[in-house]
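What follows is one chain in structure tokens, specifically the form predicted on its own.
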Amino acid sequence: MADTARHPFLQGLSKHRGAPPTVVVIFGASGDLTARKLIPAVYNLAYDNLLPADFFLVGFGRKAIPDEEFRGLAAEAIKEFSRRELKADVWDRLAPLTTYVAGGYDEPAAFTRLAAHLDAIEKQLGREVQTLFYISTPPTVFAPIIRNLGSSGLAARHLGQLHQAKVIIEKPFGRDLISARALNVTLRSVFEETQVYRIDHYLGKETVQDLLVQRFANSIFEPLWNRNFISSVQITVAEEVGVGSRGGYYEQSGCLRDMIQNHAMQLVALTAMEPPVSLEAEAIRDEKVKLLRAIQPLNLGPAGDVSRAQYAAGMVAGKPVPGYLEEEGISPTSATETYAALRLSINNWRWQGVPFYLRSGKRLARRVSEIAVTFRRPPGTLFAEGDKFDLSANTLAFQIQPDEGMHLVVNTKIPGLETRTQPVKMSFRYRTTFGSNTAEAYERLVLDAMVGDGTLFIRGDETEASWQLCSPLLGVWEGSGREGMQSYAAGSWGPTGADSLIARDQCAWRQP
């Protein structure tokens, strides 16, 4: 049965946005991200006939791998990680177009070989193609890859034309403001800003994209989207897992760098930005930058705007788990935070006086990402008789993962002869309305990059505006060691310090 027969809301949705003939080159082709996300994304785009008619996939990595072996690894990745099973007719179309080039990221000769490989593809086709360079590597080799793309002439392929070369770069975009600026300088020395696509996969999630539609396509929301009607906004990015075998990486990152500076700050920008003048990418990104620049510096004093903590031993899914300091590769004196909570103040006309609370952490009660907008309570004149009326603030919550959708909490009368009230939830889920096989974020983002739509990608000045807020906090934490570090039991919702932070505004954290 066709999807549109089972889910009539799919009727009329676009099935194609044209991209020119394209070669996608993945640096770090033998890495985890390539296997889990990138190869399955390309396969599902092929499955949906969304790849251009002339499409080629080239893996690039240090390890020498024959083309056939790379194709076999790609097929195994699709079988294990794709949202759809490996279908022979789809893979048979894609496999012959999948090749591999071996070389070091700091080896100029390897980039010369890559350029010759791309020239051979164009000669085979008899026409020019756009090249999309996807840098899916550790950040330590970002700079040599970018510089070699420049010195080899690959970055300038067909510059200024429809099929000019593009580069996708994965986070992290630096470790602080200084390193973010240095990375941007390196990128701009080789690429035009219009060629650069900084990727944050959260922006490819359906609910995140839906934020702009809900805000600006529904007249019941936009007139209320301001300080006169909204009392607070909470953004939660919670993980149930610990650091596992990634302790070495996490020690260099921490929660603020790993989640808040990028994912959470992007959600703040989309939730609070002003209406753009159009749906053009630059119009939307202009408003995001304005919003980020309007966020006031954090109060970093003892009773300030931040809380940090590490998870201690506890119970998750009924099983005991170790604390962070007992995890593999973690120093017993580590001062790396696994939880962070921030209170943001936005100094503009729309949001003056409305606190934005952000929290993220590992080993929390459950995996969930949510934006919750709490509206001001009505005057307590009609329904104020003790506990007879259970009135809650109206809340509009966008759940980004794991079950994408939104719900609105309203107060209603309980059936019966006596007037009593209680809050109820009105819910919408993508899974039940449109079907459960929703496209993965990377599918949308890879397709957008191919067609040249930068809306869901981060501009260079966005990264710097976000680091402008977070870098002073990182400096204070790095200078104070473990001073002020709290702990929380694994499987809980976080430390008492985060509860105290939000309680100062007579608020409390939601339990999504």
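Since the model is a prediction, treat every value here as computed from it, not as a measurement. Don't overthink the numbering: it's just position in the shown sequence, from 1.
This next part talks about the form predicted in complex with 6-O-phosphono-beta-D-glucopyranose (BG6), which is not shown.
Worksheet item: Okay, which stretch from 291-299, 202-210, 140-148, 182-190 lines 6-O-phosphono-beta-D-glucopyranose (BG6) in the predicted complex, with non-hydrogen atoms inside 4.5 Å?
Response: Selected range: 202-210.
Worksheet item: Within a 4.5 Å heavy atom cut-off, is Glu239 in contact with 6-O-phosphono-beta-D-glucopyranose (BG6) in the predicted complex?
Response: Taking the distances in the predicted complex, the answer for Glu239 is yes, it comes within 4.5 Å of 6-O-phosphono-beta-D-glucopyranose (BG6).
Worksheet item: Is Glu327 close to 6-O-phosphono-beta-D-glucopyranose (BG6) in the predicted complex, meaning a heavy atom pair under 4.5 Å apart or at it?
Response: The answer is no: Glu327 has no heavy atom within 4.5 Å of 6-O-phosphono-beta-D-glucopyranose (BG6).
Worksheet entry | Asp258, heavy atom within 4.5 angstroms of 6-O-phosphono-beta-D-glucopyranose (BG6) in the predicted complex | Looking in the predicted complex, residue contacts with 6-O-phosphono-beta-D-glucopyranose (BG6) include Asp258, since a heavy atom lies within 4.5 Å.
Worksheet item: Taking the shortest heavy atom distance, is Arg420 within 4.5 Å of 6-O-phosphono-beta-D-glucopyranose (BG6) in the predicted complex?
Response: No - in the predicted complex, heavy atoms of Arg420 and 6-O-phosphono-beta-D-glucopyranose (BG6) never come within 4.5 Å of each other.
Worksheet item: Considering Phe216, Phe229, Trp349, Tyr249, which brings a non-hydrogen atom within 4.5 Å of 6-O-phosphono-beta-D-glucopyranose (BG6) in the predicted complex?
Response: If I apply the 4.5 Å criterion carefully, the residue I get is Tyr249.
Worksheet item: Which residue among Lys166, Lys362, Arg343, Arg157 has a heavy atom within 4.5 angstroms of 6-O-phosphono-beta-D-glucopyranose (BG6) in the predicted complex?
Response: So the residue touching 6-O-phosphono-beta-D-glucopyranose (BG6) in the predicted complex, by this definition, is Lys362.
Worksheet entry | Complete contact of Gln195, Arg285 and Arg459 with 6-O-phosphono-beta-D-glucopyranose (BG6) in the predicted complex (any heavy atom, 4.5 Å) | No, the whole trio is out of contact, none within 4.5 Å by any heavy atom.
Fill in: Those residues of 152-177 which, in the predicted complex, come within 4.5 Å of 6-O-phosphono-beta-D-glucopyranose (BG6) by heavy atom
Result: Lys171 alone.
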